[in-house]
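Given as structure tokens, the chain that follows is alone and in the form predicted on its own.
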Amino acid sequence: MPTHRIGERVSIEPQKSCRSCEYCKSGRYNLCPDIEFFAAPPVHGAFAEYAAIESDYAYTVPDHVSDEAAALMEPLSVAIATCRKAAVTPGSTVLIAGAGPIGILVAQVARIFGATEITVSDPAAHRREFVLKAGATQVLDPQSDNPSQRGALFDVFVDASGAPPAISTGLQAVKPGGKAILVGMGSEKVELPVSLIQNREIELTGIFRYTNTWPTAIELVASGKVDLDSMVTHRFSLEEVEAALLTGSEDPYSIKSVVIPPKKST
């Protein structure tokens, strides 16, 4: 690492690729068969005071960007990769299932990419309210609203829930030639409406992490276009990691929890 970088505040992209396989050489290093990713076995996560990463995976963040926002460049990168793969452009109409952290960030990034209609479906009223303030133009309650029956169909459907019913309903709402992106982690197997996908020529794909997103993520946050700080609802120390991991399932009003290591005196 260049010595002039010592002491920089950075946001780290938590993966290390081999740099020599066909995927790395083509720029799709997230698909590297030998990639080492924090928290993906056999590599342990980063709940520690220190983490080691190759210097080009450590991106300098401006002083006015908080430490918490710097840490949340990771889920923001998932949203950026999603909108890129979905080819969201000015005028796109987007349906998002799930108003968790990823769904909220996909809504924000879709707005920045030029989407004019961003509809988010989530059964929790407080999450619908949050995502409406964060960038959605419309929210739906999947228990009573069916997006496929609203009239015009969507250019893009993003599943950020992992729930099989949400995936099935969302696919029904995609227009011919549209795109469906599966991001949420849920059931291992899901039944798909194959005839619908074929007849409408829907492009169905998944998202596996991200590539080359950190500079964009940092710029979006630094410029104020994306607000990550407002998503942090809970804070924990390193000694409270287990509680932090359980917050999402135990507190229905949680959005994003962060674990804060002790600050070292200089």
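What you see is a predicted model, and the numbers here were worked out from it, not measured in a lab. Residue numbers here begin at 1 and follow the sequence given.
Keep in mind that the form predicted in complex with a small molecule is not shown, yet the notes after this line are about it.
Residue-level contacts in the model of the complex: of Arg127, Arg111, Lys179, Arg84, one residue has a heavy atom within 4.5 Å of the small molecule, and it is Arg127. Interface residue among Val131, Leu72, Ala166, Val88, judged by heavy atoms within 4.5 Å of the small molecule in the model of the complex: Ala166. Only one segment in the set 191-199, 171-179, 114-122, 146-154 has any non-hydrogen atom within 4.5 angstroms of the small molecule in the model of the complex, and it is 114-122.
Contact check at 4.5 Å (heavy atoms) against the small molecule in the model of the complex: none of Ile80, Ala107 and Thr216 pass. Although the partner is absent from this view, Leu95 stays clear of the small molecule in the model of the complex, with no non-hydrogen atom inside 4.5 angstroms. Within 4.5 Å of any heavy atom of the small molecule in the model of the complex lies no heavy atom of Ala136.
Proximity of Arg209 to the small molecule in the model of the complex falls within the 4.5 Å heavy atom cutoff. In the model of the complex, the small molecule sits within 4.5 Å of a heavy atom of Ala99.
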